[in-house]
Each structure stands twice: as C-alpha cells, then as structure tokens.
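In structure tokens, the next block holds one chain alone, the form predicted alone.
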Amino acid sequence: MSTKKPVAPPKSALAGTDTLDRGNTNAKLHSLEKFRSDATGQALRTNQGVKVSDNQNSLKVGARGPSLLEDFIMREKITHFDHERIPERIVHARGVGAHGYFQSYENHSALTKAGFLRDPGHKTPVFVRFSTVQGPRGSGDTVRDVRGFAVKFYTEEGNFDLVGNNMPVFFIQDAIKFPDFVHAVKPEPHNEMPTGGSAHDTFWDFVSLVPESAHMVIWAMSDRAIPKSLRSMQGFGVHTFRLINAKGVSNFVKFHWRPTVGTCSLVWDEAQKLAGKDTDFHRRDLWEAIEGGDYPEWELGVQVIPEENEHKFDFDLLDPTKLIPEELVPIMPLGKMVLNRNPDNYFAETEQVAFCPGHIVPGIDFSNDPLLQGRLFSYTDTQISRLGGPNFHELPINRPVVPFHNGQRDAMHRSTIDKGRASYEPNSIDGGWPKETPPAAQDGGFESYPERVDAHKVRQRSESFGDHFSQARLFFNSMSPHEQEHIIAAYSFELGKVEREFIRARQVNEILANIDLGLAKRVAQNLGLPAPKKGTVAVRKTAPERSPALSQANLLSGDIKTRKVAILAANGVDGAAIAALQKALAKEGAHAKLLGPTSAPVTTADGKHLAVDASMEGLPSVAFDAVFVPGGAKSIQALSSDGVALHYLLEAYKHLKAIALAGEAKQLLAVLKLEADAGLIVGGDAKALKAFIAAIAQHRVWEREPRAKAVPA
C-alpha cells in the first residue's frame, strides 16, 4: 500500500480494547450480546424451562426394565441431538471466525457517504470468517488452497458484507461457469478424493481447457496458497465495486486487506507435515493469538479509479481474473480492523454466519462484473438451504445492530413477533408505518447508482475479457527467485498426481507455455514431457512488466512480533541463556516456549527447576518460527544423543528457519554435519541474539534452500 497515510487516530483509540475488558467493550459495540447465555450458577432445565432432577438416567419400568416413551426429558434431548447438524457449505466449508471492530482513519466523505467510513471516532463491530475453499469441514488447515476472507460490518446503516479471498483474482469470468468450476475442484465423484487438495484429474482437466483460469491457477501454485497463518494473509474483494459520495459522484474501487504482521507463507514440506501433525494449525494460531492479547490487525485500503478512467487500462475492470497493479493505481488506506474476541460458540456464530456480497449500505454499489452479478443471487439462495429458510438474518450472528421493519412475515424459524395488522406497504391501518426514507434525507435510504446502460441482450463475452495470460506472466515475473522455484515445484507436484498424461501435456503446452516458456520447459522436464518450443498465442506485454507488491518477499513487517521460538533443553541447561533469550524476545513482542525431552521439568546447571511448556514431540518444529538451543555441557550431551532433538533441528534447518546455538550447543554443528549461515547463528551473547532476531524477521533463510534439499528430515 502507499506509505503516505492519512493521520490515524491516537493509538489508544484504535486499540481501546487492548486496555479495557474485552467482553465489556464488545458488549458496547454489539447490541446482540443479549442473545449470549452463561450457565454459571444456573439450574439444568429443559428447552421449555422445566428444572431437571436427573440427567443421568432415562425413565424406566424398574431399574432393569424397558424405557418409557413418556420420558419427555430424554425425548427432547435425543431429538435435538438427532438434528444438530446442518448442511455444510458447498465451498468454504472449513472455516474459523472471530469478532472485532473496524475504525476509519478519517472522514472519507469525499469518496463515499457510507457512515462507517466517515466517522473516525466510531468503532464498527465486525465478524470475520476465514476458510479454505475445496475441503469439507474435517479437512486440514494447511492444504494448498485458496482462503476465504469474509468480513461482516455491523454498521449503523445496516450490514455490509465484504466477501473475498486471500487472492485478488478468480478462476472464471462469468458466474454461469461457477458450478462447473466447483464440480471440477471438489473431490472426484467416484471415490470422494482428494478432500482438501486440487491435485486430481477433474480440476486440471477443467483449468487446462479454460484459459481464463491461468492467472488464478498460478496464484494457487504460489506460496500464497499455503499461508503461514490466517493473521499473515492479505485479503481482497476480488471484484470491482463502486463507492458513491453524497453528491452522487461514483468511483470504481478494489478493496484490499493488508495484515500489520506482514504477509508470508509456509514451505511445502512444512505444510504437508502440519496437515498431519496439527489439522487445526491455522484455527489454533488465531484462537491463541486473540486469547493471548496479540490481536490480529489488518489495514483496509482501496484502489480508486474515477469513472472517466474506466477504459484506460490494457485489461477490463469488470474482469475478475485481472488485478490492478499498484504501480498504476496506489492503494489508499481507509482504516484498521482489529480482531479481539473469539466466538463463544462455534456453531451459533462461525457456522451460522451468513455472508452475501449483496449486503451493502448507502455509499457502496456494484459493478457489472458478470461473476459478481451471479454471486449476488447465489449466496442468499445457498443460505436459505443451509439455514432452513429465509429468516437466517434473524439469527443473532446475522442480525444488524439497527432495527429492521418491513412486511416480510412468517416462514421457518421466524423469531420476531411483529405487532400491528398491516404486512404490506403502503397501508393506512397502521398509520402507514414503516415508511420509505428518501435517499436525499439525513441517513437516507439506499439508492442504486443510476448507471446508463444501452445495449442488446446477448449471451457473449466482451472482447476486452480475451487476454488470459499477460497478468499470469506479470505475476510470475514479479516473484523473487525462490518464489519462482516454488511455483515450478508446485506445478510439477500437482500435475504429477494427474493420471491422464494428455491433461498434463495440455496444461504445459497450452497454458504454461503462454505464461512463460522457461516455466513450461522446467515443468515439462519434471513431468517427463517434451518441452514446448513456443506458446500457442502471441505474447502480450503489460505495463508494468513487474509489480514488486505481488511478491511476498517485499511484504514482511520488518519485526518479529507474535513470532514463536522453541527453546530445546535437557537437564544441565544454561538457565541464564534461556532467561536472556526470553527477555530479548519479550522486548520484541515475540514468544518463547521451553521444550524438554519429556514433559517433566528440566534442571539447570545451577540446580534450578524449570517447568517446560511441552515435550519436543508434543510441539514439533513445524509449530515454530525459529529454534534456540542454549548451552550447558550436560544438556548438549543429552541432546546430541537424542534422535528427537536432532530431528527437530534438522527439520527446522530444512524448513529454512532461524536457528541459534549458544555456548556448548555449537558442538551440534558437527553432530548434524551443518555449517553456520545467515540464519544459523552460533553464540549466545547480545550480538548473536541480535543476529538471531534479525534472521527471524526475514521469515526464512532463502539462500539456504538449495543446500537444505539434501538434508534428511
């Protein structure tokens, strides 16, 4: 984003919940707190309010006799249990959510009349749901996949849902192709595999036949598809929207979320191991960060395109497979979002929350993006099926913070008890209420932007949507060398899982060769296919040819806040070295966990007992950002013959993480047959700790990667 920002509110204003009780603060922000229930001190009752005297035994004829049908307590309990599950989402089924707030940096009334963007003194409650796309609810967090990034703003003018992904483009251009894409990406129908990945024939068959998918697929083959955490993901609105001010002036916009901790990813081997060792890695990280007070933060920004500039690009703003390079249109920061409270009940909140791109407020409107237009219908239609009818907006997590009155009545799960006799408008029986609000009035009613459209009804794609490869090439050219190598490896791995060779060949010759011939040749070589000599379409240059903002190598935060460091220790460890590291990390806002050979305390060289946070097997290296081994002759002697400890270090080395060896721990270099490098620091003094912290801030030691491939771990 642009480094030139409007003056932000004081830190205390933006981080009010950092110093106040979270529950009380959020209760003030969100009027729906009355729906929350705390059973502390309460009697066990039925759903009808009857106190229960025995919840251990059903009603029987004698202690060993038959159970009685008249046992209404048992029948209510079993009946409710039998119907606890609702259909999971077709896509984005595996999700995790959190509460928080959004606060505008300043009054953006020149850009929009949306109230939550015009009052920097107001905190708008939000609920955010992150998700994977392909897998079911029980799939893993760290699979290679797109991540959903959906935000519900509970504004004073109604709910606004910004429903996007962690990638700024999508696979298809027109909503009519969405069922085809989802059918292709979901598990294959004959064996229901794979559950959580895209390495199978139907997916690659589809995308190799649909060139418009090329840009999104190369994003999915990049490190963006295996984020390190949900807290370190960027988010995008994907589509082009409109912001409209009080004078009726419209600008096209693209929405961007940028995390304050920086943007970074796992490495592939690490992602695969985490899927087995901790299926809940991402949701656990988010939960623990919020519980520990490391509240995740994102900055919301927009790229603003005046209407008169709509056609000044070499791509179409309405094409959802295209992005706007920041070199052409910089990002204007609007405000900051802070997540500071975990849900009280996963089902009632995260599972029942219902998002829809069509939930907008005055000052925000749509573009004619054909994929967006289909989503406006599809999301509401889906929720009716999932949540049992059209009243899903009455569930507490979906209710707006402002009252809603209209003539809509009845249907399943209606919870509002409407007074009055008229369920129509206009009426005279109830005094004409509720009444329309003119759009020009203070806090006026919603008014669609009066865009003039003069065209024939046709089923065709605009010619301006016809370029499918130039932005994929822009993305690949913008990557750092190690990111390009990861993309090559990802295509090779994923296509290597495809059974039909003609699908592999089509993807290489008709898609990759049109993106970058070097990329295509490398993947072809890895698949044992003939290398293509040229692409099938003419190369179309882009302006710019490279965009540094697309590379995660340029999106690090520069600090180590919230990073996690493992300290490996055995009996006889140097306690002073541990204390020095803990102090240095705390100063930087990072966290350390002490790990021993078992969960038993370890004894320091001077006889003190230190409680460990877990064993090395209990918290493996893939759960941490870096590893520190303090000195102590007996401790290092024990670790040198401990296979788990040695594997721990080799695995961290292979995953390119910062490692520091203090004092006698230097001996481990010879045991492991490793050489010190920019991220393998030897020493425990202040200078070495500073170098260790600097290495952690770089996220990975990328220059180590060629050597690390030969390390068994």
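All of these numbers come straight from a predicted model, not from anything done at the bench. In case it trips you up, residue 1 is the first one in the sequence shown, and so on.
One more form of this protein should be noted, the form predicted together with a small molecule, which is absent from this view; the next part is about it.
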query	finding
Stretch in contact in the predicted bound form with the small molecule, which is absent here, among 236-244, 202-210, 273-281, 403-411 (heavy atoms within 4.5 Å)	236-244
Ala150, Leu318, Val302, Leu395 - the one with a heavy atom within 4.5 Å of the small molecule in the predicted bound form	Ala150
Heavy atom within 4.5 Å of the small molecule in the predicted bound form - the one residue of Val163, Ile488, Leu550, Val602 that qualifies	Val163
Every residue of Leu371, Tyr379 and Gln383 near the small molecule in the predicted bound form, heavy atom within 4.5 Å	yes
Contact label in the predicted bound form: Phe493 to the small molecule, heavy atom within 4.5 Å	no
The small molecule contact in the predicted bound form: Phe475, any heavy atom under 4.5 Å	no
Non-hydrogen atom contact Arg118 with the small molecule in the predicted bound form at 4.5 angstroms	no
Contact flag, Ser131 vs the small molecule in the predicted bound form, heavy atom cut 4.5 Å	yes
